[in-house]
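To begin, one chain is listed below as structure tokens, in the form predicted alone.
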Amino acid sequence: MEQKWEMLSSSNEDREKIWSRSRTFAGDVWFRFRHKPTALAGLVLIAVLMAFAFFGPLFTKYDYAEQNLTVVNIPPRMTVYDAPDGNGYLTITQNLKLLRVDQDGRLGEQLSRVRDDDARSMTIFDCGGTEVGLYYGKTPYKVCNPDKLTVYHHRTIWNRSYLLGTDALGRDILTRLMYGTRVSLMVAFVAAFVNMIVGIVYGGISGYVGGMTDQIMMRIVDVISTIPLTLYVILIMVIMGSGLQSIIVALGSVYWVDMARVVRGQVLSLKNQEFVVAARTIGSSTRTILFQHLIPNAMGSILVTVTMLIPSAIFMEAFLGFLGIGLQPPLASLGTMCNDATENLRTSPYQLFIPALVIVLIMFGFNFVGDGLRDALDPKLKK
């Protein structure tokens, strides 16, 4: 009997092309997301910053409002001079005092002043029974032997007591940075959550109902978006007073307009699709069609928009804090820390660069995650 069927030849390459592991939609999104290095780096960066902000204060011995005027504007890396009594080092404070520093770089007691020698532009201090002079005739100031007028051997070491230095009131910058990052992230997340809820409901109704209702609702959005946010904040602060709640209410009452536009556009493009027509045919209510069919199918664009709104809200909170209309002292945010640092920008630039660097890292992290989600949720990019 003649053979009518022949075995089809195949190779390992053909088998790999034919067979592949099936993945759910969420698994497919995560697969594409984690294969984008910048997106994964942004996710790790956000996780590190959140751990720093929410768990970091548990490991510090300082409080964000604790002041120590003895250690005003001490930098993270300080210049120290050998103490003449052999007991560690000496460092000069901004108010022209001398502090002891041990071998490990930890700050100690302040030396007692003996007298002023105005003729030689020098202040004499007692260092364990030995007189040392602080010469302030010209910058940089120096610690010297008042008799021989020789400068003691000096070097630069890291500040082990205050790893990121202190501010103009002697507060630990590292601790205030932790609390400031926490406040900025809390403001951003709360504002983004409110924006997402309001924007989804408002934009979904506008896009699905359409007609005159859509025209009126979108004109309201246009009016809100034309008024500057700073004016909103000032008006809200007049009514509610200064504080964290005023910033959250201001951001939550304005930033939802972008989300509403995105959701409206997605609903307009989806409401005439076959699955929506089928839902209407079987008698589904408008609420069911909108929140169980249209919104879930637009969730990709919504998530991307939310991740882009978060860094924008953080930057706006920092901007308002920098203008002095945000949180009130002694509360700290990244914006208020930048505002406080402007007074000593020339002498202590690290006080501005450190919180500004954290703002930049937050911006990069969320923007990288947003770009990764946009690519992962785009079905056109699926291979």
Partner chain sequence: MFRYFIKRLVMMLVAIFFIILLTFLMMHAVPGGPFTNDKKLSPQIEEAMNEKYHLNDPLPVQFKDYLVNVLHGDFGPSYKYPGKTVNGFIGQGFPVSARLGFITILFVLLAAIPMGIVAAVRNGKWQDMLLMALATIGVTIPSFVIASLLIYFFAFRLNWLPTYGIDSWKGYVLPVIALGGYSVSYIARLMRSSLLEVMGQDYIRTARAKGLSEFHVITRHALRNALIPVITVLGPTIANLMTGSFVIEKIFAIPGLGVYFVNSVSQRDYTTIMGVTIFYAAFLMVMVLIVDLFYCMIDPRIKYD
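Quantities reported herein were computed from a predicted structural model and do not represent experimental measurements. Numbering follows the first chain given and starts at 1.
We do not show the form predicted in complex with the partner chain, though everything after this point is about it.
- When the partner chain is considered in the model of the complex, P57 lies well away from it, no heavy atom lying within 4.5 Å.
- Among residues of the shown chain, F322 is one whose heavy atoms approach the partner chain to within 4.5 Å in the model of the complex.
- Contact check for L352: a non-hydrogen atom falls within 4.5 Å of the partner chain in the model of the complex.
- Contact between A356 and the partner chain in the model of the complex is found at the 4.5 Å heavy atom cutoff.
- Checking 338 to 346, 61 to 69, 41 to 49, 27 to 35 against the partner chain in the model of the complex, the stretch whose residues place heavy atoms within 4.5 Å of it is 338 to 346.
- The partner is absent here, but in the model of the complex a heavy atom of Y232, alone among Y141, F189, Y232, Y152, sits within 4.5 Å of the partner chain.
- Checking P228, P296, G211, G137 against the partner chain in the model of the complex, a heavy atom within 4.5 Å turns up for just one residue: P228.
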